[in-house]
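Form predicted on its own, single chain, as structure tokens, below.
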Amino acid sequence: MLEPMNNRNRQILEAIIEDYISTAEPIGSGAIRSRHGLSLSSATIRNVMSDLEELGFLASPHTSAGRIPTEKAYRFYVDSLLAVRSADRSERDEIRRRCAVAGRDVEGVFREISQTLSSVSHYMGIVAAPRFTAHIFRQIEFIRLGGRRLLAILVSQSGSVQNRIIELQEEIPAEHLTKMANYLNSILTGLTIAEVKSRIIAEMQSEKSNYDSLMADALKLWQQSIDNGEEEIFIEGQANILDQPEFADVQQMKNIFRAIEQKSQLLSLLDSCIQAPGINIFIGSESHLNSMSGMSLITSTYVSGKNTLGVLGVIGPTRMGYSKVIPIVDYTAKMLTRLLTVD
């Protein structure tokens, strides 16, 4: 009968995972004993490793006598063994410095943040905001963010909420934003997205809106809210992934670029994180994307007050340094939150 995950088994599994994260080489019993100073014989360690393999935590590459962790092992490690630290001071300093010089427009901000995540983690950085895909419009609300940035909150009849960040040419008083939202809600509630677009065109062509500058501005603001297009996704650092030894073969390289090209699937995965604020971790097949085989995704939401604005994260091999990357993603999300909400 296989032994349960007692302290000895957990200790050896943790040693194998951390050694494999560092070396990318299959781990043998002798290496574990010498590197970690365990008061166990190599034979005892081999028996434990055999048990862990039968339990699905380890696998044996054909070309080596050592073992490598499985997705199940990484999940157990992240959930039960990992002690998450704070980001190092040097990492925090770089993230703050990069955020401080981020582009003033929203696209520039997101691009800079994705580059920052890549630079600090040495993997791929990714930033995306949620898309508005609801079929029936219920209401819109405008909230002022920092500077001339505006948050448009769109709500569907089904209750789903999506957000748009709009860059204004000039600041709009809060009372005007309220009047604009009330006007739009009065003429658009209950319409399909297609009907909304037609109605907006008709309203913009009507004499009434031409004589009322506030209504005209409201209609233009709605267009910006919807016409930000299908959400862009900003990915930086693809070369960092190609530097990892497990992605040296051609097929793995193809999988990586396929994952990057299939943005709609990746966005769908990121959108699901909106419903689970904070840190989310997808290890290998947990993403349900074939092109993400052998890769993990760590994400965090960034917010404004009680409103979730979007998702950012890091993509790396399943062998990534989770203890290093998780605090980087978490801290960067906090910094982006401050960047978007503070004047």
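Numbers for residues come from their place in the sequence shown, where the first is 1. Just so it is clear, the structure is predicted and the values come from calculations on it, not from any experiment.
Although it is not shown, the form predicted in complex with the DNA is what the next lines describe.
Picking from 281 to 289, 297 to 305, 311 to 319, 43 to 51 the stretch near the DNA in the model of the complex, with a 4.5 Å limit on heavy atoms, gives 43 to 51. Among heavy atoms of R338, none comes within 4.5 Å of the DNA in the model of the complex. Though the partner is left out of this view, A65 does reach within 4.5 Å of the DNA in the model of the complex, counting heavy atoms only.
By the criterion of a heavy atom within 4.5 Å, T70 is excluded from the residues contacting the DNA in the model of the complex.
Contact annotation for I27: at least one heavy atom lies within 4.5 Å of the DNA in the model of the complex.
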